[in-house]
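Just the one chain here, the form predicted on its own, laid out as structure tokens.
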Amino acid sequence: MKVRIQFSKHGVVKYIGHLDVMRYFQKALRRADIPVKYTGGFSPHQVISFAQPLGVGVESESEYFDMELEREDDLQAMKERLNASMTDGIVVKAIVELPDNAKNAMASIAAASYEVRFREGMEPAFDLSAEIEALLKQSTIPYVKQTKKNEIEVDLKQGIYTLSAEKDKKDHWIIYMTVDASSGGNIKPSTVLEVLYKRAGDKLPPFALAITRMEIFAKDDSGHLMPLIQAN
């Protein structure tokens, strides 16, 4: 039996790195008596696969991992047992069964959506909405990407699916974006903001952004984006 688990990550646990989150869930699965399948050999490990690492300091509404079970189990009961063993800040939101031929979560990723806010006192001095409108009218959005060996110029235009900004009730900016999250073209929200600031003749200050990943998407047979778990 294959299942996909969706969980959120908020609060102080956003400062825990991906490898530690993986280890945490491995222990939580044992505490919750989840019948997870193990590999064979001299060093067996749980058959689980996480969708995509989440940057340290980034919160999330929708993280995913896939898991194989030794036997069938009641998914609602599994969810309740897991949440009973969770630390503050991590909540299992859904568990669904996958078909045997389903791609694993990591191989399915095409895009991710984000909500970005600014930390207190670090809002931009320019009109963010106007800069976004002007940016999206460009035929290309060049960005110099630093690799391990050299610098390469890439075009962000094709990897930005949606981008907008609005003011909340306290007159603070909220930015919404859906961007490429595939292994070949992963775009970070901070990269988009760096480009916007540069266009406005400014520079993005360090640690200015409070980022929340809202959803991770795959593509269906028609090329449309769809969440890794479909809403009932």
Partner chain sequence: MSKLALDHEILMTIEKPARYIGGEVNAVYKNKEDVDVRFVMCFPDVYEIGMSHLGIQILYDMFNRFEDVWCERVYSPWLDLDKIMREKNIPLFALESQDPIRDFDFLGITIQYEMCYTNILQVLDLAQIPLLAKDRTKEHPIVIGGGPCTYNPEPIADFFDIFYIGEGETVYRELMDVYKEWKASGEDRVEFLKRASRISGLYVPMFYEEIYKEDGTIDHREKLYDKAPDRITKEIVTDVSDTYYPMKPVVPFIKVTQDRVVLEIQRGCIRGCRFCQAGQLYRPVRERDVEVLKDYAIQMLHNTGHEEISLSSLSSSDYSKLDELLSFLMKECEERHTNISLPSLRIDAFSLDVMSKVQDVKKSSLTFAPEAGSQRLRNVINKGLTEEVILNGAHLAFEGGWTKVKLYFMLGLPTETVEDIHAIGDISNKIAAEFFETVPKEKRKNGTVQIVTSTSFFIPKPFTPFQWARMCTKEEFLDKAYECRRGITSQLNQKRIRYNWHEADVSVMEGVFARGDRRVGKVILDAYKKGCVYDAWGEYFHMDVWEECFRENGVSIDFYTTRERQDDEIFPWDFLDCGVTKEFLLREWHNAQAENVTPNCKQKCNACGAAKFGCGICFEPRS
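Numbering follows the first chain given and starts at 1. Values in this document were obtained by computation on a predicted structure and should not be read as measured data.
From this point on, the text means the form predicted together with the partner chain, which you will not see here.
Visitor: Can you confirm whether 197, 199 and 203, the three residues that make up this candidate site, all sit within 4.5 Å of the partner chain in the predicted complex, judged by heavy atoms?
Guide: No, the candidate spot makes no contact with the partner chain.
Visitor: May I ask you to state whether residue 53 is within 4.5 Å of the partner chain in the predicted complex, using heavy atom distances?
Guide: Residue 53 lies outside the contact set for the partner chain.
Visitor: With the partner left out of view, is residue 218 within 4.5 angstroms of the partner chain in the predicted complex by any non-hydrogen atom?
Guide: Heavy-atom contact with the partner chain at 4.5 Å: absent for residue 218.
Visitor: Even though the partner chain is not shown here, does residue 88 get within 4.5 Å of it in the predicted complex, heavy atoms only?
Guide: Yes, residue 88 sits close enough to the partner chain in the predicted complex that at least one of its heavy atoms falls within 4.5 Å.
Visitor: Going by a heavy atom distance of 4.5 Å, is residue 213 a contact of the partner chain in the predicted complex?
Guide: No, residue 213 is distant from the partner.
Visitor: Using a 4.5 Å heavy atom cut-off, which residue among 137, 103, 149, 119 comes into contact with the partner chain in the predicted complex?
Guide: The residue in contact is 119.
Visitor: Choose from 185-193, 61-69, 25-33, 163-171 the stretch whose residues reach within 4.5 Å of the partner chain in the predicted complex, heavy atoms counted.
Guide: Comparing against the partner chain in the predicted complex, the contact stretch is 25-33.
Visitor: Using a 4.5 Å cut-off on heavy atoms, which residues of 198-221 contact the partner chain in the predicted complex?
Guide: Read in sequence order, the residues that approach the partner chain (within 4.5 Å, in the predicted complex) are 207, 209.
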